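Just the one chain here, laid out as structure tokens, in the form predicted on its own.
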């Protein structure tokens, strides 16, 4: 390994990112890491300037979801770091590789509560896989290489690296680290034999796909595995793009409010093959699908992180392996004879199609469900659909059908404000693909300023703002638990179409169902980042039910 010429810490840092194959970073600039910014000036790395650290961090998290390599974000110290914590939390709960670089005070000023000083190990200790502060420039290659490995290996997640300002301007002569590829844990041959034996003894098995560390080929391989064994396949919350919705064995997603048919299939299963996921609160219907600690179903749990195997559910068979490795290992696994559940996958898929096909009638002139079914048929199969959190997302989960790998960008952590920055990054990363970002009126204004980033980088995504003038999810819970006692959930909104135009984009207001399709086509044809401001009746509180307000909303 050749030691390079003496360089500043900032230059050494950026050289490590180049060595790791980083193609773009997101940032909000800060004086605490000027030396790193200066080194980016002459690097091949694309720098996306964002408008708030929360949006920048969410873009980096979205990059990790799309590519499997860590998304990289730079923010300044103090409030920059705390603003970015939203993205770090999403990366942790969603098992997404991500690295957040944070400026830090001069090492000579630590422990004085200097300007914007924070102890990043304490702040991010429970939110990240690892938090570290680099004191010497000669340790940058070592610690950055380790950060990439930690972020990607086992169960992926975020790493936070604090960069003292003086460390970035100090010099050192040190060799660059090699490019890091995460170690893959593989199932033992005996594990695969036991999978085959447990399936052979099953009468009503179900496969559930979730988590990260998938590849397109691994997802296709598991589809072929399901075909050989005639297995029904479900996806966990917001992981629907792990299998083509048109696949004859797809049974639907186990998210918030799963279909009654899929819920019954899970309850009645005798063997569950869970690949990659954790079955946390949302996909498990608040931890009710499986008994804890020992599920009544025989659980085969495949996960790349040993700490997740048996953490909540004690499996009959625990396999520490990445989804990609497991998929490769079962490529040659075949049933020994006729399966006892033959035909159940076709029934499961028919149930899924029936559950998602037709949208129910809503109060008001804008039929959101009909719009979703129209988009389902209109969008290209490789379109990327993004959303944050809110009841508006229920219509996406119920009616949209994902066909391509990594085409769903949505936080399993339920963080609002995610859809717009994720969509901006997706369109920047894949300019030839159609990108549609959904947001509620409350969700949009949490990171809607990143629409300016889309305009700046000519990333013509389409943002669909579903406006019911309220924080709809919380209002739904209020109406359920405290009917008529509305507090803290009513909103008075701006004209989001004019908002789009003010930023230099395309904007239209949509009040009636029949107005949506031509407005959407005009948005695509404009070649600009666009916002369609869609007005939905406040009574259409969720995809499953309406309410009649006891007081005026």
Ligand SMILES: Cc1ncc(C[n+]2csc(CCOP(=O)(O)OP(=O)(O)O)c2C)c(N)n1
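As the structure is a prediction and not an experimental result, all values here were calculated from the model. Numbering follows the first chain given and starts at 1.
Absent from the display: the form predicted in complex with the named molecule. The rest refers to it.
Undergrad: Work out which of the listed stretches, 353-361, 408-416, 132-140, 291-299, brings a heavy atom within 4.5 angstroms of the named molecule in the predicted complex.
TA: Stretch with heavy atoms near the partner: 408-416.
Undergrad: Does each of 210, 236 and 284 have at least one heavy atom within 4.5 Å of the named molecule in the predicted complex?
TA: Negative, none of the three is within 4.5 Å.
Undergrad: With the partner left out here, check for me: in the predicted complex, does some heavy atom of residue 326 sit within 4.5 Å of the named molecule?
TA: No.
Undergrad: Answer for residue 451 alone: is it within 4.5 Å of the named molecule in the predicted complex, judged on heavy atom distances?
TA: No, no contact at 4.5 Å.
Undergrad: Residue 443 near the named molecule in the predicted complex, any heavy atom under 4.5 Å?
TA: Heavy-atom contact with the named molecule at 4.5 Å: present for residue 443.
Undergrad: Hey, in the predicted complex, does residue 474 get a heavy atom within 4.5 angstroms of the named molecule?
TA: The answer is yes: residue 474 has a heavy atom within 4.5 Å of the named molecule.
Undergrad: In the predicted complex, which of the listed residues (367, 391, 76, 266) lies with a heavy atom within 4.5 Å of the named molecule?
TA: None of the others qualify; the residue that does is 391.
Undergrad: If the cut-off is 4.5 angstroms on heavy atoms, which of these, 86, 278, 428, 399, is the one near the named molecule in the predicted complex?
TA: Only one listed residue qualifies here, and that residue is 86.
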